[in-house]
Every structure is written in C-alpha cells, then in structure tokens.
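In the block that follows, a single chain appears as structure tokens, in the form predicted alone.
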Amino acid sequence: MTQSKKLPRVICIGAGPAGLTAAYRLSAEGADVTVLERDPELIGGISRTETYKGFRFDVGGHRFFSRSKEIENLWEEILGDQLLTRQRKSRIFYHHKLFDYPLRPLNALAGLGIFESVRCMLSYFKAKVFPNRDPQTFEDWVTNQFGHRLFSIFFESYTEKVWGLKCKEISADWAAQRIKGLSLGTAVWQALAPSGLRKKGGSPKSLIESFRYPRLGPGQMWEAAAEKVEQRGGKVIMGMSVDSLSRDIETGEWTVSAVDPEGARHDFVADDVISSAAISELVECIEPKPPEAIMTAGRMLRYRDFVTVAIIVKDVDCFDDNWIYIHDPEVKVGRIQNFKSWSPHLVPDPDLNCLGLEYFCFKGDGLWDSKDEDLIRLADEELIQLGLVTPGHVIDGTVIRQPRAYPVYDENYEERVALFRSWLDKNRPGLHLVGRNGMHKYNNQDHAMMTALLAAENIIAGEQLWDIWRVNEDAEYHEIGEDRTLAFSERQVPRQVPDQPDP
C-alpha cells in the first residue's frame, strides 16, 4: 500500500494577484494555505478596487489581457460572466489636442499643424543625416528615430514625470524595447506607399484593441479568488502586518509572526512561505537578521510611488478614452483615467463620471505629503487648465496614496537583488519570492500570476520544476511552445545610465 504524499502547509504574504493566485492553486490541491494581508479591508493589493460614495475606481487602471491562455482561462474560472470585454482607447494629450497612442506619425503631424510639422520633419531629417552613432540614453535613441522635436513633444515630459529621472539619465535599452521597430520614416512609408511596395511585416505590431475587465473593477476578481480559497478550506486573514519570519533549522518549519490592528501578535507555522512583499520590507522581517551586506542590499532597493486623485465630475463632453497620457510640462498630472470607460458599472449616477488623476512621485516629497484637500484642489485646477472640464463641473473628490507602485531599476539594482536571492537560496530554503515587489521586477498582473503559479507547483512537487525568475526576463515576446516561463515575456523598466567619469 503506497503512502499518500503529505501536502504542505503554506503561508502567502500579501493578498494581491500573486499571493492569491498561489493560494488558489495550492488550495485546489488540498494544501493547507493561509494568506496574510496587511490591509484591514481591501483585497487585491495594487489591483484592488477603491470605493468612495458609491463610486468604484482602480489604482492605476488594470487591463485583464495576457498572451498566456492559461492565465486567461484562470480569470474566466474565477470570475466567469462578470468579466466584460472592453475596447481599448488611449491617447496622448498635448497642447489641448488628443493624439493617437500608439503614436501614428501622420496623425501626430496633422494635429500639430503645418508650421510645427515642418519643424518636426526638419528635425527628423537632421537626425537622419547626423545621427548619434552610439546612443546611450533614452533621449539619444528616440531622437535618432523621430528627431529631437518630436521627442520633446511626445516622449520627454511624460517619461520624466513617471520615473522622476531626466531622459538623459535613462538607458537607451528601454526605448529600444518600448518603441521597437518604429521610426518616423518607416511609419510614413507604411502609410503612404502603394500596398505592393510596402515591406511585408514592416509595420510594428499595434497594442491590443480590446481587453477583459471585471464589471465592478479589478478588486472583484481578487475578492472572488479569496472567497474560493476559503471555500476550499484555506484562510485569508486581513489586517495582518507581518514583522517576523524565522525558520527552524532542524525541522525546516517556518514561523511567521504578524500584528493585527489591535496590536495583538499572532504566530503561524508552515513548511513554505510565499512572499509578494517588497524585498526592502521583507529583509527587515527575517530572523535572525541576515548579514549587514544583505540587509543593505535589500534596503537600497527603491520604488516609484504615486497618488491617485479620484475626481467626481458632471459627465459633460468628457473624453471617452480609458485613459489619456498628459504630455504637458505645465501641469503635474501624468495620466488621467476615465473610469466610466473602463466599466459603466463603476459609476452609480449616469449623469456623473469619475476621473482618476495620477501623480507620480517619491514617498515623502511635496506631492506625497500634500493634504488631501490641496491635492483635490490641484486636480480641479489642472483639469480646468487642460480644458478637460469647465469651472464648476468638479463636485467632489478623494485621494489614494500608493507606495511602491513601480520598482526602480537604478544602476545597481540587479546586483542587490542577485545578492539577496543568493543568500536566500543558501540560507532560507522554503521562502519563495513572487510578484512585482516580491521580486523587484516590473511585472504585469499576468506575469505576477505566472510567477505565483510556478512557485505553487514547485512547492506541490517538492522540487524546483520551474525557474520563476525567467518569467518576464527580457524585453521581447517569445513563442516557445510549452515553456510557460517564456510564453509572454514583455516588460522592462528604464535603467538609469551610470555616471560617466569626467574626461
């Protein structure tokens, strides 16, 4: 008689897409799973849905689209007919005009007018005659492709708002990935040349035209996932701030300690721990403390934060895009979401709308520390300044601050992550890092989910079947059959150019 394999006890730190996907997969196998979430009420992490006076809104806007059929099927399994199919529409706002995004040069030139278009074309021809032979920065690369004039109009302002870095400080490899295959000359030729003369496959692939979206916002997906985990016998415990992780060397058991909102301490015992917490936070929780070099590596990892100001407005002549990018250096807002265009069910009154103005910042700077009423006033003023609403149409608002929205890929981040990973593998087996912040990797929602699925399968198997660090490991899409780790690799973060020594 064969003895049945003992199923593992697993603790998942964080109830975002990664933590809940891991718990969902493990609970389906009958594993003993406990999810610990710091937020006392909201499920979903950065993919949660916030509410205010009956209005529901995202923190950043989350499309449900993946090149992985497995992930698409998982969303269907969790939420079913509550998933809507939405048409994608996003544009660039510049000088009170909206331009197509992805950027279509003929549309851009027509919108800029004859005189500005001539200047752009002259700038482009100059870049072709006198290109930068060794482009090192984002500015160098984009200028080579479009000319400096179009770079300054359609790329510079927004990029610097998002990352808090000058375009001269961002590495060229990010531009090469984000704008791969597109230049002004090739785009104009593709648009104007007779069909027989166009280069087959010469035009770059456009962004997706439609995506799935939960009827009541992304949080609905993760609330449903948490409910299914609990139906299978797992636990999802809210308001638990993890502050200690220790491993018994003899038994291999992990003890995870957390504090609830009343200050009471709770201990949880498991065979494995899956963490989607930021490495900079996780390193502070490990007991006994790692060597100082490891502590420093974790603490030095940086993140870009942002503030969402959700503004309730009278729905009069409002743009119908899902979101628009604000390429105007005269205002601080970087992107504006139109939540009714994501799903009309997010807005309880058909005569009203909810716009989400996103301000990218670092925690502790002037924007982050501003009072809510000042941020709402700023959002109102900038909407009017941009001509998107008229005075008196803003009737209410609220503010959401999101720390650690984007991991920063500065000059030494790879070395720091590699050092932490190496120490973890050798000294703390059974602690698995997943998700965007858990891996300090600019993962999309589907990437985060795939890392969690593979980590869960490794735990179930009791061996490393998959290297989860290969998910989203480079810039381009891959079509490699059943190799799930490379099936939809997609996204990079701009790297900061190392300081150059003085000549």
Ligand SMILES: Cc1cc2nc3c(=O)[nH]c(=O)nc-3n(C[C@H](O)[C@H](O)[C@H](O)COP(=O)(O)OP(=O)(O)OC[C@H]3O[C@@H](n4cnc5c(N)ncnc54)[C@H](O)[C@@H]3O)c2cc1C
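When you see a residue number, it is the position in the sequence shown, counting from 1. Please read these numbers as outputs of a predicted model, since none were measured by experiment.
Only in words, not in the display: the form predicted together with the ligand, which the text now covers.
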item: Interface segment, criterion being heavy atoms within 4.5 Å of the ligand in the predicted bound form, picked from 376 to 384, 88 to 96, 289 to 297, 269 to 277; value: 269 to 277
item: One residue of V242, L112, I311, C120 in contact with the ligand, assessed in the predicted bound form (non-hydrogen atom, 4.5 angstroms); value: V242
item: Proximity to the ligand in the predicted bound form, single hit among L453, V471, V59, V33 (heavy atom within 4.5 Å); value: V59
item: Partner contact for A405 in the predicted bound form: the ligand, 4.5 angstroms, heavy atom; value: yes
item: Partner contact for F306 in the predicted bound form: the ligand, 4.5 angstroms, heavy atom; value: yes
item: 4.5 angstroms heavy atom contact with the ligand in the predicted bound form for V10; value: no
item: Heavy atom of A448 within 4.5 Å of the ligand in the predicted bound form; value: yes
item: In the predicted bound form, residues of 40 to 77 near the ligand [heavy atom within 4.5 Å]; value: G44, G45, I46, S47, V59, G60, G61, H62, R63
